[in-house]
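Presented below, as structure tokens, is a lone chain in the form predicted on its own.
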Amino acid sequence: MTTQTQRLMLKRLIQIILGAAVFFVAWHLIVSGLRIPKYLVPLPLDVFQAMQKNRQVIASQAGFTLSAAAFGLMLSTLLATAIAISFTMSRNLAQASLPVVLVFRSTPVAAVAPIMMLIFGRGISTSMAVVTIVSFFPMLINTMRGLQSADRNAAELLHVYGASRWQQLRFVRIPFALPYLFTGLRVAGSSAILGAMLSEWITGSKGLGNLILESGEMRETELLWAAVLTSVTVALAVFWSTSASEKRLLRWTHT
């Protein structure tokens, strides 16, 4: 790791810390200044105390939600990539199948989750299925756009040298599609966390979504806000880790 990279990471860390500090100070001042009841919005210190007191429960529930989101996102990435490649290789297939994909995308997740629960039960499989549905469309659209954005000169050069369509796909289209794939991952990654929590709300399975629902019913406002804050932190961590992986793996695109 170079000195410049370390400086950039340190600068980014300081920006995150300062941003979080400003957010929590503003939260405290608004709640105190407007005298908002604690049963609606507790003070940040109360939320942190609840987070510390229930850290094992929150960590367990967050791990379940993150696992469901990760496996679902992995499945949707593989499925969307395979379909995007098929659509790129066959225009007729794309024209015939895209309307079906659009109808599938327009189906409300809240209506699909109970059906998934009947099929897979109340475990992690239902959450994975819901996450796959939520994150599939942005992955598909970005991957297709990336495959279609390949440099025509490079593709024509390979064609002149007798490269097959699969070789053009491997050496030209897929490398050009990788930045778009990571863009889809950044969008779908945050949506995956929300999709997993939505599934937990509807099915009542383990996870942060269920923890938020139960703490709200029990009027444990501090625990509710601690779970919400944890879910936001997890979503931001997924976004930042995806961005960091893109910069590390696709360094050649910036040279």
Partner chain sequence: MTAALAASHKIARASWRPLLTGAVLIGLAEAAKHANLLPVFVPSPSEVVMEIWNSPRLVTENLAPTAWKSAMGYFIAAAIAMTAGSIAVSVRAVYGPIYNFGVIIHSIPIIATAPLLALWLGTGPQVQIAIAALASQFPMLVGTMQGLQAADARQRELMHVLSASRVQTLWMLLIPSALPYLFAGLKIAAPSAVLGAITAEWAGADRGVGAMMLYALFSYDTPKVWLSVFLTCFLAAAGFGIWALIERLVVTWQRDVEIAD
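Residue numbers count along the first chain shown, from 1. Computed from a predicted model, the values in this text were never measured in an experiment.
Below: the form predicted together with the partner chain, not depicted.
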{"property": "Which of 88 to 96, 101 to 109, 72 to 80, 172 to 180 sits within 4.5 Å of the partner chain in the model of the complex, heavy atom basis", "result": "101 to 109"}
{"property": "The partner chain: the contacting residue among L213, V31, L66, M51 in the model of the complex [heavy atom, 4.5 Å]", "result": "L213"}
{"property": "Residue (of A26, V57, L45, L40) lying close to the partner chain in the model of the complex, criterion heavy atoms within 4.5 Å", "result": "L40"}
{"property": "Distance check, K206 to the partner chain in the model of the complex, heavy atom within 4.5 Å", "result": "no"}
{"property": "Non-hydrogen atom contact V22 with the partner chain in the model of the complex at 4.5 angstroms", "result": "no"}
{"property": "In the model of the complex, L10 touching the partner chain (heavy atom, 4.5 Å)", "result": "no"}
{"property": "Partner contact for M117 in the model of the complex: the partner chain, 4.5 angstroms, heavy atom", "result": "yes"}
{"property": "In the model of the complex: members of 122 to 141 within 4.5 Å of the partner chain, any heavy atom", "result": "R122"}
